[in-house]
Structures are given as structure tokens and as C-alpha cells.
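There is one chain below, alone, in C-alpha cells, taken in the form predicted alone.
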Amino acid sequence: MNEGLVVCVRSIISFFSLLIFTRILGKEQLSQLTFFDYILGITIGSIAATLSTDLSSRSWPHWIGLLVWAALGFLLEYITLKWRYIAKYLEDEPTIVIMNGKIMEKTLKKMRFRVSDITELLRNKDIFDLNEVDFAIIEPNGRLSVLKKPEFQNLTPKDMNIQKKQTGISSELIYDGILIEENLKQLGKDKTWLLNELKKQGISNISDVFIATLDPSGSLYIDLYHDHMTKITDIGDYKGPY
């Protein structure tokens, strides 16, 4: 068989194998991955790449390797979900690096962290003064969680005894010019109500609307295909690439 065709077939197998395995392994975000998850992802990707392009060997041993690594990853994920104590040792646990405003030097040394690493992570959270920090915790994924001292915490509506309406999640009523009647029914509305609302804003046809959403408080958002904007702000530095 032609080598190019073999690579195409192997790539299709690798692609769909990876797609299936990643769906099985879950929706954990990149920012939530532990270092081991990161290494596992690289290894599985490397095996898939070898399966696609290494024509010097049969494909099935690579696919078996891909399957075994994905299965082990799934097994590890299942174990850590079921048994908290095992998860503690396999995925590590959060570590306090600043307690009551004091830096835990021994803990930093044990974790091979420098104070400059902590101050950098704090700056990424818009904290430039260590005096503001009450507690700081290194999470298993390497991110820093911070609790500010009470005098540096932002005021909330609750602190000021302000009652705010609950907004909830908006539902799409029109998407890409198409009416979504199921969402209308779930919100206790009908097409006549929506058409009247559109008319109030000078819109006569649903197909003119790119997207329309409604939140539980009754706030309707409408965006048209033609926004009639006369001036568009350009935030680019230069008209590159030059």
C-alpha cells in the first residue's frame, strides 16, 4: 500500500482513538491538571503520533500501548475519585505557604519553592504587597490560592446590605437566525411574545437576529447581523505583519 495512504489511515485511527479516550478521561481543564496528568497527556499524544507516522513497525502494538496508557489513566482517575486517602498520596494535597501573614520558610524549602516564586504568583493575582496576604496555599496543580486580610478584602453587596436580583443563566431564544422554541417553552414564553419584543426594538424578522437570549430576571439581549456601526475601534499596535 502507498505510504501516504498508510499514514492517512493510521492518522485517522489515532485521531478517533484520542478523541474517544479523552472523552472517557473526562473534562478536566488544562489549568486543573496535575503534573502527572500533564506527563500522561504528553505520553499518550507521543504514542498517537508514533502510531500515525512510524511505518517501520506494525500499527497494532502502538495502538495497544495507546489503549493501555489511556486505561491506566482512567483507572487512576477512578481510584482517586473513589478513595480520598489514595488521592492524597497520588495527586498530592494543598500546602499552606503563608499562614496568618507569615511565610512558611521550611515548607517552601521542602517544596523547592523560592520566595520570589510566591511573590510572582501573588503579582499574577494583582497582589503586590505581602502585608495584604492572610493565607496563601499552593494547590496540587501548582496554582496559588490567596485569602487576603479582612482589611484588604473587597466589599460585597452583602457587606453593604444591598439586595441584588438573582440573574441566573441566560437561555438562547434565537441562534443564528433560527428560533429555539424549546427554550421559549421552558421559560413560559411563546413566539408571539418574542415577536412583540422584537417589534419594540424595530426588528420585524427573526432571521435578522444573530442571537437573542433571556435571563430568569426577564432581561432580553438581542444582537443583529447588521450592527450599523460607523466606527470600529482598532486596538492593534500596527497594521502588520511587516
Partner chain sequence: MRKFLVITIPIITLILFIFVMESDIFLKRSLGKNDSISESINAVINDIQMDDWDKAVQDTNHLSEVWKKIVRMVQFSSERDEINAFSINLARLRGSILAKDKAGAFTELYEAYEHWEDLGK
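Numbering follows the first chain given and starts at 1. This one's a predicted model, so the numbers in the text were calculated from it and none came from an experiment.
Keep in mind that the form predicted in complex with the partner chain is not shown, yet the notes after this line are about it.
Since only the chain is shown here, I'm wondering whether Thr22 would be in contact with the partner chain in the predicted complex (any heavy atom pair within 4.5 Å). Because no heavy atom of Thr22 falls inside 4.5 Å of the partner chain in the predicted complex, the answer is no.
Would you classify Ser59 as touching the partner chain in the predicted complex, given a 4.5 Å non-hydrogen atom cut-off? Within the cut-off, so yes.
Does any part of Phe210 reach within 4.5 Å of the partner chain in the predicted complex? Heavy atoms only, please. Outside the cut-off, so no.
Does at least one non-hydrogen atom of Leu224 fall within 4.5 angstroms of the partner chain in the predicted complex? Close contact is absent here: in the predicted complex, Leu224 is far from the partner chain, nothing within 4.5 Å, heavy atoms only.
I need the one stretch from 170-178, 195-203, 210-218, 48-56 whose residues put non-hydrogen atoms within 4.5 angstroms of the partner chain in the predicted complex. The contacting stretch is 48-56.
So, a 4.5 angstroms cut-off on heavy atom distances: do all three of Leu108, Arg114 and Ser116 pass it with respect to the partner chain in the predicted complex? Spot residues vs the partner chain: no contact at all.
At 4.5 Å, heavy atom to heavy atom, what parts of 8-22 sit next to the partner chain in the predicted complex? List them in sequence order, or say none. Val9, Arg10, Ile12, Ile13, Phe16, Ser17, Ile20, Phe21, in sequence order.
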